[in-house]
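A lone chain, given as structure tokens: the form predicted on its own.
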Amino acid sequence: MSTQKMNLTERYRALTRDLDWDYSYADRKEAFPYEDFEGIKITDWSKWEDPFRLTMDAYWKYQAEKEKKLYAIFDAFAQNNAHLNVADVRYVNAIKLFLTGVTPLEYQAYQGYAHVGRQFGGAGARVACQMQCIDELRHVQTQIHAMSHYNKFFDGFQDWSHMHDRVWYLSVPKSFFEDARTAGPFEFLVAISFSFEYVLTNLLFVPFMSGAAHNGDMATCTFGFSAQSDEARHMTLGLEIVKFLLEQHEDNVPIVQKWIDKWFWRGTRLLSLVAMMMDYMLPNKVMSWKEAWEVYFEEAGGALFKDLARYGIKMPEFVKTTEKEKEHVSHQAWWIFYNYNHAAAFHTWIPSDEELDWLSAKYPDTFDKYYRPRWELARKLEAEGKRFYTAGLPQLCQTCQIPMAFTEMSDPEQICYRLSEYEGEKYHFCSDGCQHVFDQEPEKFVQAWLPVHQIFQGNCGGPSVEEILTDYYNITLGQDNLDLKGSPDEERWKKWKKVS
């Protein structure tokens, strides 16, 4: 063996090429049974490249350095009671939604990459999946540690994993990843590595982590940007994955296009929760959801799809719909939670006059016409002691699982309602995009676990909604939810800050 020290490129090649082997006593197709059934054709796995050419020893070195700095900030945050430095107690509710909605997705991503990495015949793809699944597990751990400090002082953090599996609005992100994990290995990569982590990830992490910084939460901000350095690597790899599939065989093009169409739409529906956080839950706002969408998708994504056009890839279907939805989706989502807040695990509130003016300025063509009157009515009713909660359980979209409360984008005063039939049963959808996704794979989506359906079928305890919330969701009624005004969180905050 040569004693000459290898450079990074040589070490990466040794890891991803020279350690692979031919199978002399087993059939290769039996060793990788899921590699063919999606219809993807791979002619040469050696063409797979990781732009970072990361090896395991380099990976451990980089991650260890990041962990030292990250946990030093966590310690300083806790020792200095830095929860008192956040802008407003309202901000903590955005953290509750992030912990229950996003952190468990990191664990699903860890499990997903650990699974699909085993299914690929190419050593380079297996190594890339191995490193990314470790990244995702690290993200779970750092997010929990960053937010654990808040659990000592605020309600609603106590059972985030249990809630993620059961609470109605958390089935939106949960079903997204379960759909990806039950797809084939190549669709999983297009769904998570490309559509979510390359096309849409900046809309989740960058505005939200900037929001954490603007609101004085240095622990969340620091873990976010620590994770974002991994996400930058994932993004680069996600683009390389799609190019690899498209360059392997021309028959792969329509399959990849179909997956991009599906996962782009599913991703935009998932991000409606982020849109709501940006426009309504951050006391100190960074940018509006509309601005974020224009910067991170319309500008950056537009350039991406121009580049992919040489392979025959087009802009995702329903992208025209998203151009209209950026004006409406955050307002409609927050209104849903204001109406159903007695069944959620965080608090809601009516925007202040200053915030209404900010929204009017950011959405000059739509907010004053469609949404300001709603909030002014809600404020009037609250002043008269008539604050209302919608008592019934909402009908959920069969695909995205969001309550059927989004409107026609051509007529924001009309609820959007679509219907498909499959094997004699009727299924309902919030949009053309969700109906299209269902119609492509009805045999899969008829099996969706819809929380409201499960409640009506008696599978979630009961019989009353109150018993389901306390015994099945583990929500402490009146403490974890309802209006922020008068809540225990607000009372403690006022006491700490010595305000009336």
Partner chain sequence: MSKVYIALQDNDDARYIVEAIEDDNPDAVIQRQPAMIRIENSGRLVIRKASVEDKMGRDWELQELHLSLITLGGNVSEDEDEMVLHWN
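Numbering follows the first chain given and starts at 1. Model, not experiment: these values are computed from the prediction.
The discussion below concerns the form predicted in complex with the partner chain, not included here.
None of 76 to 84, 96 to 104, 327 to 335, 207 to 215 except one has non-hydrogen atoms within 4.5 angstroms of the partner chain in the predicted complex; the exception is 207 to 215. Heavy atoms of every residue among 52, 225 and 236 are located within 4.5 Å of the partner chain in the predicted complex.
Of the candidates 255, 313, 134, 304, 304 is the one whose heavy atoms come within 4.5 Å of the partner chain in the predicted complex; the others do not. The contact residue chosen from 417, 296, 375, 110 relative to the partner chain in the predicted complex is 296, the criterion being a non-hydrogen atom within 4.5 angstroms. At the 4.5 Å threshold, heavy atoms of residue 361 stay clear of the partner chain in the predicted complex, well away from it.
The partner chain in the predicted complex comes within 4.5 Å of a heavy atom belonging to residue 300.
Although the partner is absent here, residue 154 sits far enough away that none of its heavy atoms falls within 4.5 Å of the partner chain in the predicted complex.
Under a 4.5 angstroms non-hydrogen atom cutoff, the partner chain in the predicted complex has residue 11 among its neighbouring residues. Contacts with the partner chain in the predicted complex, taken as any heavy atom within 4.5 Å, map within 52 to 76 to 52, 53, 54, 58, 62, 65, 66, 69.
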